[in-house]
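Here's a solo chain for you in structure tokens, the form predicted on its own.
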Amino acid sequence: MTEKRDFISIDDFSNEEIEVLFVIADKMNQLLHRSHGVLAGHLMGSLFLEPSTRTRLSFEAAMNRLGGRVITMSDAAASSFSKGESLADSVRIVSSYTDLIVLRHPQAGAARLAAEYAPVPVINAGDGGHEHPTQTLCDLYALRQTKGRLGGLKVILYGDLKYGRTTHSLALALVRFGTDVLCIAEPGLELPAYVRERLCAMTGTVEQGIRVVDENSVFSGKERQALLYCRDPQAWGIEDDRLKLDGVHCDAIYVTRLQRERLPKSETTLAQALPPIDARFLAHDAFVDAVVLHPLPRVDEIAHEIDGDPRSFYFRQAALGVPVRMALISFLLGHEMMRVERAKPRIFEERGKKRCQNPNCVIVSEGEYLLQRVWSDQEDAWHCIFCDEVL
């Protein structure tokens, strides 16, 4: 019997495994509209306890195109969760009916909890504001389709980087592949501290706080605070912590909306402060070859006027979610094999009785049955294994 593999974090796959997965996705994409029967007889449990359009439907489309079938639950209020059933018990039951579980949950770490109790593979389809690793696979695949590679690029992450979970997984993956990442966030919605810490811990990566300025008034004449993660800051032409956008050639702009549904009461007054990506924005020389990516849905951070621009790739990016998720499902269910170096698993340790205080961490709501464990990149920084916050 093959070892169970889960996909909870982008860290669960090595760069080599991701590259092989994309080769499989290429094959799936070429045969997308032909009959597949490779997973006939297999059943996927689709548990979406938060609203979803693209992720849920692309997973279900992927399983159906592979010849498998889907059972679904999309309303926690209509399930035994409303009666107080624990997530651990729920996934045990669903595992007895299915061969694989795809879980979206409003709390950080829910997918990792599910993977511990489910004997079948678990895929994280988004856990609160924490991670969304399959979206990152789609984002990386879109970059590979448009730029031909994943390393040596310059990518801007733009928008809500605090609660936009897709950017957390993506920033880590891009830096791993050797791409420079410039983070321009809505004021007060910068990358979470634990993501920044992990980016800084990556071999050879430097974090530099800078001010982005431009002479063509893309940012309405204002300097924008930003964080740059790269291996050679001099290659960006930074002087006195100022980056002139006019001297930059950007390969991609990854845009996220303001995640209003995740804002705590103390932040509900935040409003979009960054200018939207529109025709005037893309007319800047820095973006002449830059593809515009977005996990969707958009609200008003990307103008509809650029939908026909060949650099606007977000709808095609969403369509690529089907072959990518077909490849992932096929691999986790043992139909596709990878003979490359695997990602090194994190080492978890028990850490006394101190429990995570992040109010959105799954360990807070699930009760005492869930043991607190930790992992560490550094001797003095211990992180909750579920939400990654420092204890």
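Keep in mind it's a predicted model, so treat the numbers as computed, not measured. Residue numbers run from 1 along the displayed sequence.
Not pictured, yet referred to below: the form predicted in complex with a small molecule.
Heavy atoms within 4.5 Å of the small molecule in the predicted bound form map, among the stretches 358 to 366, 50 to 58, 337 to 345, 23 to 31, onto 50 to 58 alone. The closest non-hydrogen atom of Arg112 lies beyond 4.5 Å of the small molecule in the predicted bound form. Remark: Leu296 counts among the residues lining the small molecule in the predicted bound form, judged by a heavy atom distance of 4.5 Å or less. Taking the partner from the other structure, the small molecule in the predicted bound form has a heavy atom within 4.5 Å of a heavy atom of Gln135. When the small molecule is considered in the predicted bound form, Arg104 lines it closely, a heavy atom lying within 4.5 Å.
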